[in-house]
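Let's start with one chain on its own, the form predicted on its own, as structure tokens.
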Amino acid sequence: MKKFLDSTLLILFFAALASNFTPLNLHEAFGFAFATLIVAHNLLNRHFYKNFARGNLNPRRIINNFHILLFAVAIFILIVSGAALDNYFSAPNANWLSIHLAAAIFSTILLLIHIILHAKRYVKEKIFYATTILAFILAFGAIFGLPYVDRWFHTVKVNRDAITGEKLDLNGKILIVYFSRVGNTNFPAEVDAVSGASIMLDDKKIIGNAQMIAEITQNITGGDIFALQTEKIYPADYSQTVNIAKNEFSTNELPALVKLPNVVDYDKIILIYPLWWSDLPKPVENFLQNSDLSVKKLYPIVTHGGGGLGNSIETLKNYTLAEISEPLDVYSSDILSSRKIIYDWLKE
């Protein structure tokens, strides 16, 4: 009975890890079944908890006990965050998607440690060593593979009408200027709206990452909003856009803009842009070089896939005389839960 239960749990766990390649309702079913069987697993092994601190606590047993406690915490967070994502309860300021992904990574690593520590009960010595090697490979894959899969295969969906909250008065007229792939690219209707491509979906409408941050910022401040548009159109294929951006940096090309915003009547400019090649996108540099911001306060917000602010703030300072505030960087997977972060940053 225990071996069957353990095998079923293992299958369900790895089936749930394939969430980016299975329908959402199937992933939820795997998660619910896994949570139910975890309870049954612990009931069948309740003697472990009764004898947790009894007897000889040798190093191997201490390691086993400690890792099981960590495993239990990781699984608990995995289940709670999954329930939050399924709207079983509401906690709007928590980034449940990132929490769920992190819990999945740590749960996978701890599960594989669990298998290594207990595999000898089930398999012979040669198979045990093979299992250990496989476990290390899978653990390595969990650390690096799951974030990659989530970034490039998980469709990002948003309900813009639901992102609202407390307003903030910044004492002055506000202009929000942003540069995004959306508005500068002719995307096909069935484009993959994934975090790594800097786009998301509101129903069937394509939204750019920087555009989403700009709309959140507008919701907070009530400021006016302006999208920087280039005369040339960037390709829908993300890798091709990356190569074009690289060429812009190597040739110091400043892509022509369709129109510049009238910044004269504004006191504060909130500038939102993606990190391109760890730097300021050339279209944004064009805006800075051709706009007089010398008596303005500039608030930079950078969206990125792991590069933070990069060199963009140093570059930005070279092309404007504006007073630049402490910048904010927003990781692409955190955008949907970034309202409070942006609010608190602007309030400071």
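Since we're looking at a predicted model, the values are computed, not measured. Residue numbers run from 1 along the displayed sequence.
Below, we turn to the form predicted together with a small molecule, even though it does not appear here.
Trainee: Taking a heavy atom within 4.5 Å as contact, would all three of L97, G208 and S332 count as contacting the small molecule in the predicted bound form?
Mentor: The answer is yes: all three residues contact the partner (heavy atom, 4.5 Å cut-off).
Trainee: When the contact criterion is heavy atoms within 4.5 Å, does H27 count as touching the small molecule in the predicted bound form?
Mentor: Contact with the small molecule, no.
Trainee: So in the predicted bound form, does any heavy atom of F71 sit within 4.5 Å of the small molecule?
Mentor: No, F71 is distant from the partner.
Trainee: Heavy atoms within 4.5 Å of the small molecule in the predicted bound form: does S81 have any?
Mentor: Because no heavy atom of S81 falls inside 4.5 Å of the small molecule in the predicted bound form, the answer is no.
Trainee: Please tell me whether any heavy atom belonging to F106 falls inside 4.5 Å of a heavy atom of the small molecule, as the geometry stands in the predicted bound form.
Mentor: No, no contact at 4.5 Å.
Trainee: So which of 57 to 65, 300 to 308, 284 to 292, 34 to 42 is the stretch with heavy atoms within 4.5 Å of the small molecule in the predicted bound form?
Mentor: Heavy atoms within 4.5 Å of the small molecule in the predicted bound form occur in 300 to 308.
Trainee: Identify, from the list N262, Q218, Q229, S278, the residue with a heavy atom within 4.5 Å of the small molecule in the predicted bound form.
Mentor: Only one listed residue qualifies here, and that residue is S278.
Trainee: Just one of L254, A245, L111, L101 has a heavy atom within 4.5 Å of the small molecule in the predicted bound form. Which one?
Mentor: If I apply the 4.5 Å criterion carefully, the residue I get is A245.
Trainee: Compared with this form, is the Y343-L101 Cα separation smaller or larger in the predicted bound form, the difference being 3 Å or more?
Mentor: Result: farther.
Trainee: Taking the cut-off of 3 Å or more as given, in which direction does the distance between the C-alpha atoms of L275 and L101 change in the predicted bound form, closer or farther?
Mentor: Their C-alpha distance shrinks by at least 3 Å in the predicted bound form.
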